[in-house]
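First, one chain by itself: the form predicted alone, in structure tokens.
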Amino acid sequence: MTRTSVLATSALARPRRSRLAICALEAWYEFVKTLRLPAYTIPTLSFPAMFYVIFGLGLGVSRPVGETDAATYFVATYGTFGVMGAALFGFGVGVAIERGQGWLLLKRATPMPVTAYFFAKVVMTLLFGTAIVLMLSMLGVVAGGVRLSLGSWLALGSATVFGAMPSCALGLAIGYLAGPNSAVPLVNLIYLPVAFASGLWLPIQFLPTWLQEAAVILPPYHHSQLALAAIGADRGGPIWGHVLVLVGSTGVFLGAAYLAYLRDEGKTYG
């Protein structure tokens, strides 16, 4: 390789490393900033644990639910519930408030690539989601006597955390469609009924038949089924079917978010 080609390759590689460094730095600052917001951190981390204690432990840790017991079953469903909330509120409310404050306008005026902002939000959601899953897992082991193999724990954690991508995309769409004052009620209006209808509060088999049939069109239902499949407590069906629904719904919500983003850009810069 000639000296010229080496220099050219190095010149091309530098911007890529620089972009990755910017994304990593933005993700770290986003995480630290969010960690210092008790209005987000406290309910995001405490609500899943509170619901787990009330329902998972309150129903009786050894009570059978499908192919497992209540304590183990609710680690999966309330983990899904918690990660879904972290994504919806982190994106939906966070983006809407930052738009209203003019923070996004300021960031658009800087040389920072716009992808770094969204990357940081995703990383922040995954970190908080991981914290929720770890907290529920420890609570299940200590208070509920949950016992799983290492492979099952890893599969459960991966499915619960990374299954939140549709919720991230939906939250992003809400963040660009709603205002700072309307984002919280709008997210709650979607989050709580959909979580209940998807079987995240109570086992799906405890719900009315018509609601069980309707749940299959909801992405959180498929998210929870992936988590339950890791502990052998899902309702059956191919794993790829759940993955396909999550991937497809993520694409649809991202499309809606992109259209809302273009509308917002046109309103700001048009």
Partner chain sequence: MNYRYIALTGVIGAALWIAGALAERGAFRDETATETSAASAVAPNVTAFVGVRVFDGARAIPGANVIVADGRIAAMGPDAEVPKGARRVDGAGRTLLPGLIDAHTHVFGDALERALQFGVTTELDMFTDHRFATAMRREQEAGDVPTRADLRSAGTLVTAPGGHGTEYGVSIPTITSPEQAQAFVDARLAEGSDYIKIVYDDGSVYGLQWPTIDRETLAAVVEAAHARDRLALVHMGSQRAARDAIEAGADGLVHVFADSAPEPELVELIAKRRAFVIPTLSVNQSVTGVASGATLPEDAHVAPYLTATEIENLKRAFPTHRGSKARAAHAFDAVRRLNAAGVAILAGTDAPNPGTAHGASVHRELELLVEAGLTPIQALAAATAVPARIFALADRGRIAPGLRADLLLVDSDPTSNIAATRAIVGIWKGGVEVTRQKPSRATTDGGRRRVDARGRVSDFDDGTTRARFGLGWSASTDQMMGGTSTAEMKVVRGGARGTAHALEVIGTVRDGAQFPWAGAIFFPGGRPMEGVNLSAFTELRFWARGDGGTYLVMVFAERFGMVPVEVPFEAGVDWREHVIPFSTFQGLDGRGVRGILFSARPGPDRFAFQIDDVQFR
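The structure displayed is predicted, hence computed values, not measured ones. Positions refer to the first chain, counted from 1.
There is also a form predicted in complex with the partner chain; it is not shown, and the following applies to it.
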property	result
Exercise: residue 46 in contact with the partner chain in the predicted complex, heavy atom 4.5 Å	no
Touches the partner chain in the predicted complex: residue 149 (any heavy atom, 4.5 Å)	yes
Non-hydrogen atom contact residue 221 with the partner chain in the predicted complex at 4.5 angstroms	yes
Interface membership of residue 216, the partner chain in the predicted complex, 4.5 Å heavy atom rule	yes
Contacting member of 50, 35, 57, 244, with respect to the partner chain in the predicted complex [4.5 Å, heavy atom]	244
Heavy atom contacts to the partner chain in the predicted complex at 4.5 Å, residues of 81-110 in sequence order	none
